[in-house]
Ligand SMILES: Cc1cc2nc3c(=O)[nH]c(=O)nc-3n(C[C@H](O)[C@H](O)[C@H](O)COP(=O)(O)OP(=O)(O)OC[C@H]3O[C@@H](n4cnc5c(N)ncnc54)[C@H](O)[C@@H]3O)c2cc1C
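The data below hold one chain only, encoded as structure tokens and taken in the form predicted on its own.
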Amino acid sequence: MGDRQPADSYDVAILGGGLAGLTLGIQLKQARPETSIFIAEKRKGLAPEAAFKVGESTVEVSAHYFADVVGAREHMDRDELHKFGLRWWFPAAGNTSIAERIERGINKPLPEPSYQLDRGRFENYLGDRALEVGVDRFGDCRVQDVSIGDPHVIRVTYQGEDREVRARWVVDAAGRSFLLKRKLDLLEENGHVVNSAWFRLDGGLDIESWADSDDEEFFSRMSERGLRQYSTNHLCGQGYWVWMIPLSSGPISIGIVADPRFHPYEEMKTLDGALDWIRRHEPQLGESLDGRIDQVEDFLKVSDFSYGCKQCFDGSGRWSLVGEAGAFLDPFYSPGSDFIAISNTLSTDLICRYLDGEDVSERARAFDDLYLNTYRVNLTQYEGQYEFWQNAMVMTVKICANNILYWGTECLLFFHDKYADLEFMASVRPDLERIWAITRRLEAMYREWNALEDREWRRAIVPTQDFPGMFQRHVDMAGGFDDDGVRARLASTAELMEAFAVLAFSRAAVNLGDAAPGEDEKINPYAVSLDPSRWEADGLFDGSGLSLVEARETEAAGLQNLYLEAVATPAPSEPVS
């Protein structure tokens, strides 16, 4: 940084120079080059590689944002790892043999890439890029206070000296410091209580090394050997999952995420405790860690890490909260960087319009409604759901529906640059509401299903590509459609979700015996549940919807390819809990 000093005033002040703040600064400069931008980052100097921050796994929205919107594709292809999708492993045989477990994921590369990011390496690259495009980024710069006004006044300590910086718009990108959230009373609990502990292990770890090298059935599930280690691997059990994420610098990131109703935080909040917990619940991983304690590069933990936010964008107040400074869900589907991408894109639109003289008050209210509704529907995928994380049958169906929601709405809209198009978003809101309503209803039904059917299955992969209707949403997200084409795809996805709900309900209702509806009986997909006492009041048989026979004639029919009775072997012993 040398003797560079912050100017007295800027168009935009970004509080926090991590992933969210740096990418926002670059995106703003690309959208409106004349914008003056100040970034305050408390860290001094370069970030360390590997042992720095979690959030290493990207999925399609964030991968597209970092690569193509921010312009980091060359760096990502050269210096980060190409990811082999998300992969889940469900319990079997006491988790002593990876080949016995039910595996859910892709068996050959997806058309649209995603990446595993070494956060230190990536943020160092972004810091250099920000300076190159003309952002005033200052390290060793701690925000002490913010006065919201006209202009805003940001009090910082830079290189040990106190000073003030003024800005027309202020963005909180400082993560869990909650600089604006506390000041503006925007804190909001969300009811999803989970804890996490993690570490980085030098030397990496290949999950395929846990299988017998001559187990041809296990290795033949994939298009080639060696690919599984590049996935974000999820080792799942009741009330928990463990992530395994390889990093381009060599180490592997390993983390426990657990619901305290099943796994008390006290059991994992120290390194020794976490390692002991792993040995008990994931013995093959535990064995791989034995004798490698000297290769553990760090250990970090966080309790009750999920939270909401009352408001993230204010046009009249000229502020926004991006990334983890606003709301944070759960790392299970790696959505953290997606919400950076969306909140940064909405902030960029508001800031550029405001600086060009437009009143963005109403626009910000519409953005806030869209962003927080997207957050809230995604929250239903996690809240209260860890109780059936071990149930391979239920989770297979759930992951399918969650993929359709993600690829068929969020990815489609982001890849086609629609989130900030208010007129377009208003036109498709009814179809989004249909998809959201079914998602909420299904997530409640999964808990009921788990209570009725929780058995152990073994030795199978449930391949993503074997459900063509779902997989087509991945292909379509980057389809380059015009507005009418995107509208048509969203309407088609709403219809797919309706038929999906009927199929999933009918499969789950097998557990109800004679109470299960007949194949020709129309099912209202917005009223599915496994509590027959509610069916009449909820309108399950109100004449709307589809029958099971009709649902099987739609795109949703591919769901039946993934039912475990079609691909897996039931365990010989009694069901495990």
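A quick note: this is a predicted structure, and the numbers were derived from the prediction, not measured. Numbering starts at 1 and follows the sequence shown.
Beyond the structure shown, there is the form predicted together with the ligand, which is absent from this document and is the topic of what follows.
Highlighted residues 6, 127 and 167: none comes within 4.5 Å of the ligand in the model of the complex, counting any heavy atom. Per the 4.5 Å heavy atom criterion, the ligand in the model of the complex is contacted by stretch 167 to 175, the sole one of 357 to 365, 205 to 213, 167 to 175, 373 to 381. Using a 4.5 angstroms limit between non-hydrogen atoms, residue 143 touches the ligand in the model of the complex. At a distance threshold of 4.5 angstroms between non-hydrogen atoms, residue 305 is in contact with the ligand in the model of the complex. Contact check for residue 462: no non-hydrogen atom falls within 4.5 Å of the ligand in the model of the complex. Although the partner is absent here, residue 334 is a contact residue: one of its heavy atoms lies within 4.5 angstroms of the ligand in the model of the complex. Though the ligand is absent from this view, in the model of the complex it lies within 4.5 Å of a heavy atom of just one residue from 400, 435, 411, 245, which is 245. Of the listed positions (54, 548, 50, 509), a single one reaches within 4.5 angstroms of the ligand by any non-hydrogen atom in the model of the complex, namely 54.
Applying a 4.5 Å heavy atom cutoff to the ligand in the model of the complex picks out 16, 17, 18, 19, 20, 21 from 12 to 29, in order along the sequence.
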